[in-house]
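In C-alpha coordinates, one chain follows: the form predicted alone.
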Amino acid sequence: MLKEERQNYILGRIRELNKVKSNELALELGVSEDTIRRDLNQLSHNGLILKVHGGALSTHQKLYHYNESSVFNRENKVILAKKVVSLFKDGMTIIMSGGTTNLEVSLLIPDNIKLTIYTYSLSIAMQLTEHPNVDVIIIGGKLDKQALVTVGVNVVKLLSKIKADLCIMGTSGIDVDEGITEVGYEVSFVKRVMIASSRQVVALVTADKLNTTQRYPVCDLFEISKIVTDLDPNDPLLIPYAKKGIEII
(Lines give C-alpha, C1' and ligand atoms only; values in the text may rest on other atoms or scores of the structure.)
Protein backbone atom coordinates (compact mmCIF):
# COMPACT_ATOMS: atom_id res chain seq x y z
CA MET A 1 0.00 0.00 0.00
CA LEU A 2 1.35 3.44 -0.97
CA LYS A 3 1.89 6.10 1.69
CA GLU A 4 -0.98 8.25 0.37
CA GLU A 5 -3.36 5.28 0.43
CA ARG A 6 -2.22 4.38 3.94
CA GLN A 7 -2.72 7.91 5.22
CA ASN A 8 -6.18 8.15 3.61
CA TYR A 9 -7.06 4.91 5.40
CA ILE A 10 -5.86 6.37 8.70
CA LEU A 11 -7.92 9.53 8.16
CA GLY A 12 -10.98 7.41 7.43
CA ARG A 13 -10.52 5.44 10.65
CA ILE A 14 -10.12 8.62 12.67
CA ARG A 15 -13.28 10.13 11.18
CA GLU A 16 -15.11 6.90 11.96
CA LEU A 17 -13.82 6.35 15.50
CA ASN A 18 -12.63 9.86 16.51
CA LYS A 19 -9.44 8.27 17.86
CA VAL A 20 -6.97 5.56 16.82
CA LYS A 21 -4.06 3.67 18.39
CA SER A 22 -0.75 3.28 16.59
CA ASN A 23 -0.36 -0.42 17.42
CA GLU A 24 -3.85 -1.26 16.14
CA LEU A 25 -3.29 0.65 12.90
CA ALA A 26 0.02 -1.17 12.40
CA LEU A 27 -1.77 -4.52 12.67
CA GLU A 28 -4.61 -3.46 10.35
CA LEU A 29 -2.23 -2.18 7.69
CA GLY A 30 0.52 -4.76 8.09
CA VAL A 31 3.30 -2.22 8.69
CA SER A 32 5.54 -1.30 11.60
CA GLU A 33 4.49 1.06 14.38
CA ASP A 34 7.37 3.35 13.34
CA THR A 35 5.77 3.69 9.90
CA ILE A 36 2.42 4.55 11.49
CA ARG A 37 4.07 7.09 13.80
CA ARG A 38 5.68 8.81 10.81
CA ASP A 39 2.30 8.91 9.05
CA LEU A 40 0.62 10.36 12.16
CA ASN A 41 3.35 12.96 12.53
CA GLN A 42 2.92 14.08 8.93
CA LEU A 43 -0.89 14.19 9.18
CA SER A 44 -0.60 16.14 12.42
CA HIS A 45 1.89 18.57 10.84
CA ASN A 46 -0.65 19.16 8.03
CA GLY A 47 -3.35 19.94 10.60
CA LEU A 48 -5.52 16.96 9.69
CA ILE A 49 -5.33 15.15 13.04
CA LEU A 50 -4.18 15.72 16.62
CA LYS A 51 -1.19 13.48 17.47
CA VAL A 52 -1.23 12.11 21.04
CA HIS A 53 0.85 9.52 22.90
CA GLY A 54 0.16 6.10 21.38
CA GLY A 55 -2.12 7.32 18.60
CA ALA A 56 -4.17 10.26 17.32
CA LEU A 57 -7.47 12.10 17.74
CA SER A 58 -9.85 13.77 15.31
CA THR A 59 -9.56 17.55 15.07
CA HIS A 60 -13.29 17.82 14.34
CA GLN A 61 -15.69 18.53 17.15
CA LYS A 62 -18.95 16.68 16.59
CA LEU A 63 -21.36 19.63 16.65
CA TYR A 64 -23.87 17.70 14.58
CA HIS A 65 -25.02 14.24 15.57
CA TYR A 66 -26.55 12.17 12.83
CA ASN A 67 -29.08 9.74 14.27
CA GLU A 68 -29.35 7.00 11.64
CA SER A 69 -32.20 5.24 13.44
CA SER A 70 -34.42 8.33 13.07
CA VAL A 71 -34.24 8.37 9.24
CA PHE A 72 -37.38 7.05 7.59
CA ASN A 73 -36.78 4.36 4.95
CA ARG A 74 -33.01 4.65 5.46
CA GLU A 75 -32.11 1.33 3.83
CA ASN A 76 -33.62 2.40 0.50
CA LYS A 77 -32.05 5.85 0.75
CA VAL A 78 -28.62 4.24 1.12
CA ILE A 79 -29.25 2.21 -2.08
CA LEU A 80 -30.14 5.43 -3.87
CA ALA A 81 -27.18 7.33 -2.42
CA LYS A 82 -24.69 4.73 -3.69
CA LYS A 83 -26.01 5.27 -7.21
CA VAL A 84 -25.67 9.04 -6.89
CA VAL A 85 -22.07 8.90 -5.68
CA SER A 86 -21.13 6.90 -8.78
CA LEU A 87 -21.90 10.05 -10.82
CA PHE A 88 -19.29 12.16 -9.01
CA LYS A 89 -16.01 12.84 -10.79
CA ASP A 90 -12.84 14.43 -9.45
CA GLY A 91 -12.91 18.23 -9.59
CA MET A 92 -16.67 18.64 -9.96
CA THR A 93 -18.62 21.56 -8.54
CA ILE A 94 -21.92 20.37 -7.09
CA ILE A 95 -24.99 22.04 -5.62
CA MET A 96 -26.72 19.84 -3.08
CA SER A 97 -30.16 20.41 -1.60
CA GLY A 98 -31.19 19.38 1.90
CA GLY A 99 -32.96 16.23 3.08
CA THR A 100 -32.01 12.89 4.58
CA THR A 101 -31.38 11.26 1.20
CA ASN A 102 -28.70 13.82 0.36
CA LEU A 103 -27.35 13.36 3.87
CA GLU A 104 -26.78 9.70 3.02
CA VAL A 105 -25.04 10.82 -0.19
CA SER A 106 -22.66 13.02 1.82
CA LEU A 107 -21.76 10.05 4.02
CA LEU A 108 -20.81 7.84 1.06
CA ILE A 109 -18.54 10.13 -0.97
CA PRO A 110 -15.18 8.32 -1.35
CA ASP A 111 -12.30 9.89 0.57
CA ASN A 112 -10.05 10.20 -2.48
CA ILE A 113 -12.41 12.28 -4.62
CA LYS A 114 -11.99 16.07 -4.69
CA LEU A 115 -15.19 18.12 -4.94
CA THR A 116 -16.56 21.57 -4.27
CA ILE A 117 -20.05 21.33 -2.79
CA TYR A 118 -22.43 24.22 -2.25
CA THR A 119 -25.32 23.52 0.09
CA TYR A 120 -27.90 25.45 2.10
CA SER A 121 -28.35 22.51 4.48
CA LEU A 122 -26.59 22.88 7.83
CA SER A 123 -26.81 19.14 8.48
CA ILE A 124 -25.11 18.25 5.19
CA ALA A 125 -22.46 20.94 5.61
CA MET A 126 -21.57 19.59 9.07
CA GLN A 127 -21.38 16.04 7.76
CA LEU A 128 -19.11 17.10 4.89
CA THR A 129 -16.60 18.63 7.32
CA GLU A 130 -15.56 15.00 7.94
CA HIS A 131 -14.44 14.58 4.31
CA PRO A 132 -10.73 15.33 3.66
CA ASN A 133 -11.08 16.46 0.03
CA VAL A 134 -14.43 18.24 -0.20
CA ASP A 135 -14.48 22.04 -0.11
CA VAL A 136 -17.77 22.94 1.56
CA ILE A 137 -19.47 26.26 0.87
CA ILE A 138 -22.51 26.90 3.04
CA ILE A 139 -25.02 29.24 1.41
CA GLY A 140 -26.10 31.70 4.09
CA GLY A 141 -29.54 33.15 4.58
CA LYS A 142 -32.54 32.99 6.87
CA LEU A 143 -32.54 29.73 8.80
CA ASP A 144 -35.56 27.44 8.65
CA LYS A 145 -35.13 26.04 12.17
CA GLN A 146 -37.23 22.95 11.57
CA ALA A 147 -35.61 21.83 8.33
CA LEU A 148 -32.13 23.23 9.20
CA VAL A 149 -31.79 24.86 5.79
CA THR A 150 -31.25 28.47 4.79
CA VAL A 151 -33.78 30.28 2.61
CA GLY A 152 -34.45 33.80 1.41
CA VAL A 153 -33.02 36.46 -0.90
CA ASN A 154 -29.35 35.95 0.03
CA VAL A 155 -29.54 32.25 -0.82
CA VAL A 156 -31.05 33.00 -4.20
CA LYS A 157 -28.45 35.69 -4.98
CA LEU A 158 -25.51 33.42 -4.28
CA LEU A 159 -26.98 30.42 -6.09
CA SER A 160 -27.66 32.49 -9.19
CA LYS A 161 -23.91 33.23 -9.50
CA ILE A 162 -22.78 29.59 -9.36
CA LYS A 163 -21.99 27.49 -12.43
CA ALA A 164 -22.22 23.91 -11.16
CA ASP A 165 -21.58 20.63 -12.96
CA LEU A 166 -24.34 18.84 -11.07
CA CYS A 167 -27.38 19.73 -9.03
CA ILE A 168 -28.24 16.91 -6.62
CA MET A 169 -31.82 17.62 -5.66
CA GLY A 170 -34.04 15.79 -3.23
CA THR A 171 -37.73 15.67 -4.06
CA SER A 172 -40.89 15.85 -1.99
CA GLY A 173 -43.06 14.80 -4.92
CA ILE A 174 -42.73 13.91 -8.60
CA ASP A 175 -45.44 13.27 -11.17
CA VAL A 176 -45.37 12.71 -14.93
CA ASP A 177 -47.73 15.61 -15.59
CA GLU A 178 -46.98 17.96 -12.68
CA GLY A 179 -43.20 17.51 -12.60
CA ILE A 180 -41.36 18.05 -9.32
CA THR A 181 -43.19 19.79 -6.50
CA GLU A 182 -42.27 20.87 -2.99
CA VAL A 183 -44.02 21.28 0.37
CA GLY A 184 -42.85 24.84 1.10
CA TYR A 185 -42.80 27.88 -1.18
CA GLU A 186 -39.36 29.20 -0.15
CA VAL A 187 -37.63 25.87 -0.68
CA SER A 188 -39.38 25.41 -4.04
CA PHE A 189 -38.08 28.81 -5.16
CA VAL A 190 -34.51 28.01 -4.04
CA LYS A 191 -34.62 24.72 -5.95
CA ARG A 192 -35.67 26.52 -9.12
CA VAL A 193 -32.56 28.70 -8.86
CA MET A 194 -30.39 25.60 -8.20
CA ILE A 195 -31.65 24.10 -11.45
CA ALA A 196 -30.92 27.27 -13.44
CA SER A 197 -27.34 27.32 -12.09
CA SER A 198 -26.45 23.73 -13.02
CA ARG A 199 -25.43 21.96 -16.23
CA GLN A 200 -27.16 18.74 -15.18
CA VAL A 201 -29.94 18.16 -12.67
CA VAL A 202 -30.18 14.86 -10.84
CA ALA A 203 -33.44 14.25 -9.01
CA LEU A 204 -33.32 11.86 -6.05
CA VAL A 205 -36.59 9.98 -5.86
CA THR A 206 -37.47 7.24 -3.38
CA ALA A 207 -40.35 5.00 -4.43
CA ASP A 208 -42.80 6.61 -2.00
CA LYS A 209 -42.36 10.00 -3.75
CA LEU A 210 -43.23 8.68 -7.24
CA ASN A 211 -46.56 9.83 -8.67
CA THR A 212 -47.19 12.24 -5.81
CA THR A 213 -47.63 16.01 -5.86
CA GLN A 214 -47.10 18.74 -3.30
CA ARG A 215 -48.42 22.28 -3.18
CA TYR A 216 -45.63 24.30 -4.82
CA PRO A 217 -44.12 23.61 -8.28
CA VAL A 218 -40.36 23.34 -8.74
CA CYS A 219 -39.84 22.32 -12.37
CA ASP A 220 -41.16 20.34 -15.32
CA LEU A 221 -39.69 16.95 -16.11
CA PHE A 222 -37.87 18.18 -19.23
CA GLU A 223 -35.58 20.21 -16.93
CA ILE A 224 -34.31 17.02 -15.25
CA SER A 225 -31.30 15.15 -16.70
CA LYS A 226 -31.47 12.04 -14.53
CA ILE A 227 -33.72 10.40 -11.96
CA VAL A 228 -31.92 8.30 -9.37
CA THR A 229 -34.18 5.97 -7.44
CA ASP A 230 -34.05 3.03 -5.05
CA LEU A 231 -36.05 0.98 -7.57
CA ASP A 232 -34.70 -1.12 -10.40
CA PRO A 233 -34.45 1.20 -13.45
CA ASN A 234 -36.70 -1.22 -15.39
CA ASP A 235 -39.48 -1.08 -12.80
CA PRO A 236 -42.87 -0.47 -14.52
CA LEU A 237 -43.48 2.58 -12.30
CA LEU A 238 -40.56 4.32 -14.00
CA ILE A 239 -41.57 3.66 -17.62
CA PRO A 240 -43.64 6.88 -18.01
CA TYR A 241 -40.64 8.92 -16.82
CA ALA A 242 -38.25 7.14 -19.18
CA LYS A 243 -40.62 7.91 -22.05
CA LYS A 244 -40.12 11.59 -21.25
CA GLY A 245 -36.47 11.16 -22.20
CA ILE A 246 -35.10 11.13 -18.68
CA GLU A 247 -32.23 8.78 -17.86
CA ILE A 248 -33.26 6.45 -15.04
CA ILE A 249 -30.55 5.16 -12.72
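Everything numeric in this text was worked out from a predicted model, so none of it was measured. Note that residue numbering follows the sequence shown and begins at 1. We call the rigid core whatever largest set of C-alpha positions still superposes within 1.5 Å between the two forms.
The same protein has a further form, the form predicted together with the DNA, not shown here; the description that follows concerns it.
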property	result
Within 4.5 Å of the DNA in the predicted complex, all of 3, 34 and 55 (non-hydrogen atom)	yes
Close approach of residue 38 to the DNA in the predicted complex, 4.5 Å, heavy atom	yes
4.5 Å heavy atom contact, residue 22 to the DNA in the predicted complex	yes
Residue 209 within 4.5 Å of the DNA in the predicted complex, heavy atoms	no
Exercise: residue 51 in contact with the DNA in the predicted complex, heavy atom 4.5 Å	yes
The DNA in the predicted complex: contacting segment from 176 to 184, 22 to 30, 212 to 220, 199 to 207, heavy atom within 4.5 Å	22 to 30
Cα displacement of residue 35 between the shown form and the other one reaching 2 Å, rigid core superposed	yes
Flag for residue 181, CA shift 2 Å or larger between the shown form and the other one after aligning core	no
